[in-house]
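Here's a solo chain for you in structure tokens, the form predicted alone.
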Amino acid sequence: MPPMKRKKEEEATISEPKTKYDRQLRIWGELGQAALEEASICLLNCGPTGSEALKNLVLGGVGSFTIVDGSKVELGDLGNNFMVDERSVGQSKAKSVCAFLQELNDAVKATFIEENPDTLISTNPVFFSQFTLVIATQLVEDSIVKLDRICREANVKLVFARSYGLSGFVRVSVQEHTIIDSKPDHFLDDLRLNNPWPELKGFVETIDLNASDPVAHKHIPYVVILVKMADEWTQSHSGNLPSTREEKKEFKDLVKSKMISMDEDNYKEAIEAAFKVFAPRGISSEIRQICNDTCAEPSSNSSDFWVMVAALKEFVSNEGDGEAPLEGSIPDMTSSTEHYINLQKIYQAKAEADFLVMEERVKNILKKIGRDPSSISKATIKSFCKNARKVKVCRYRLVEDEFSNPSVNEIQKCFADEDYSGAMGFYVLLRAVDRFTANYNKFPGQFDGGMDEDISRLKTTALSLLTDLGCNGSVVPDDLINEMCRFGASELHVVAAFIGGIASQEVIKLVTKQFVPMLGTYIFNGIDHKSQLLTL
């Protein structure tokens, strides 16, 4: 094959994933996509909830998946599961769903195991240690508790999902989840307007706010205006920034007084951005708490994240002078091209200098704890520096702890709150139906006849559960109990698709280590069209 043709074919092969996953790459980037493509997912039960969750991940380009389900496809499955068809009836459900999902993305490796997940949990717990993450759908409480303990011990991430009639829940369970790129919806630009470093201060001093040329005056960047105004204010206020409402208004009036005409957009931007000056200097209380965490004392077992946190702690106390590494980017603003480019270079140079200091500190810590000094890549350290003010640490309670010792105050508060009472009722009933099943070997309302008896039994079971939780005075509305029995443990496709979508979204957060996963139990109430997060 001619060299040019071979080269073009290689380039096409490399660019194919970028084209294929173009839209999602804009959300979680190449690092996030790489993490997704390296992930190995295990799905327990491939009914509509599990199939919908896994479908989203297959389309997203997850590396591989294994389906565990011991059931056969029945006629009823054709009405709520798009991953099976008439030809699948009587065949292995795991095999059929696996084949359908493989068709959606042939780059994903797919396998299946024809076995009941409950049996696997009880007899072969080591099986789960090979996966990055397990999605457990439609499990009863006993299996949920066992699997949670297994995955914690194996350090495997776990997402529970269940749809039940017009209700459902999703819960993440992992001992600790650390996030570098949390992508908050709103976050203050890292401009250091009230704490400029020498180079920024030096640049600001070269620009005269009293310039007589009106064109030059209306092209001074608002960063320069606010740094000068903040300096002027602190000099006349004993080094303090505006803090009260009156002082903040006075500061804005001070900025406004520097305008020489009413069409100066740069000064209007400065007045609108004045709140950025009022932000307290230094790191936030949340970042300080992370820096003071016991895990920030590095050892040979420390994760890369905690090694970098240890370096951040040292940086803040030394070179940072109370601040985290600078992000290095500036927003768009009215400015002359020359001023904007110079400003951009100053911020980028400071960010690069901070990164080099952090890189050196990370290497020194790795050396101290007996690890390869270059084991954490430059790209990872750079990403950490850029997001140092936004890092997050999520820790989740064991499901067993939540089930046996929930916050009674939270439960009572939710029952008393009109917005949360429905979600709390479904939370209790989704647990009560499992107790009901353990006692009567069927779900309430699952079979024709005996509905009134099932309603009475479920009510008794729910009250017993509330008593065990220490909530003697709380009651679940009769309407909800009746509805729960009417559901008959059915998986409606529309609800399953919604719950599966929420579950796959949480999986992507956990695998890419971007965005913040839900803390608590997510309850979907399809009757009232409400979604609530309960932290018990």
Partner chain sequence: MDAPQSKSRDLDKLLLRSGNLVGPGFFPGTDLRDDIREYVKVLVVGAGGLGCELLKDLALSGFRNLDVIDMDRIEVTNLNRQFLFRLEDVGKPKAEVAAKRVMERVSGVEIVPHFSRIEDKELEFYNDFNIIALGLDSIEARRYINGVACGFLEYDEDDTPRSETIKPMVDGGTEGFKGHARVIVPGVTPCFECTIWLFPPQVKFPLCTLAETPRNAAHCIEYAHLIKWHEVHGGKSFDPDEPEHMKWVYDEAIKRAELFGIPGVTYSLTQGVVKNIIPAIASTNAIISAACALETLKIVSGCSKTLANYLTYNGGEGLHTKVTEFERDKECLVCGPGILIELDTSITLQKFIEMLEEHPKLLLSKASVKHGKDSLYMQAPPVLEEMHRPNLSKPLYDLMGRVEKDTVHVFGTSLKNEEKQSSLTKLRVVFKEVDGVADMDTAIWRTNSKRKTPF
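Computed from a predicted structure; not experimentally measured. Positions refer to the first chain, counted from 1.
Below: the form predicted together with the partner chain, not depicted.
For the chain shown alone, H219 is a contact residue for the partner chain in the predicted bound form, at least one non-hydrogen atom being within 4.5 angstroms. Contact check for S336: a non-hydrogen atom falls within 4.5 Å of the partner chain in the predicted bound form.
The closest non-hydrogen atom of G79 lies within 4.5 Å of the partner chain in the predicted bound form. None of the heavy atoms of A353 is located within 4.5 Å of the partner chain in the predicted bound form. Using a 4.5 angstroms heavy atom cutoff to the partner chain in the predicted bound form, none of K109, F169 and D434 count as contacting. This chain is displayed without the partner chain, yet in the predicted bound form the stretch 97-105 from 229-237, 97-105, 317-325, 410-418 comes within 4.5 Å of it by heavy atoms. Just one of G32, G488, G70, G63 comes within 4.5 Å of the partner chain in the predicted bound form, counting any heavy atom, and that one is G488. When you look in the predicted bound form, the only residue of I150, M451, C295, L343 with a non-hydrogen atom within 4.5 Å of the partner chain is M451. Residues of 503-517 lying near the partner chain in the predicted bound form, listed in sequence order, are S504, Q505, E506, I508, K509, F515, V516, P517, the criterion being any heavy atom within 4.5 Å.
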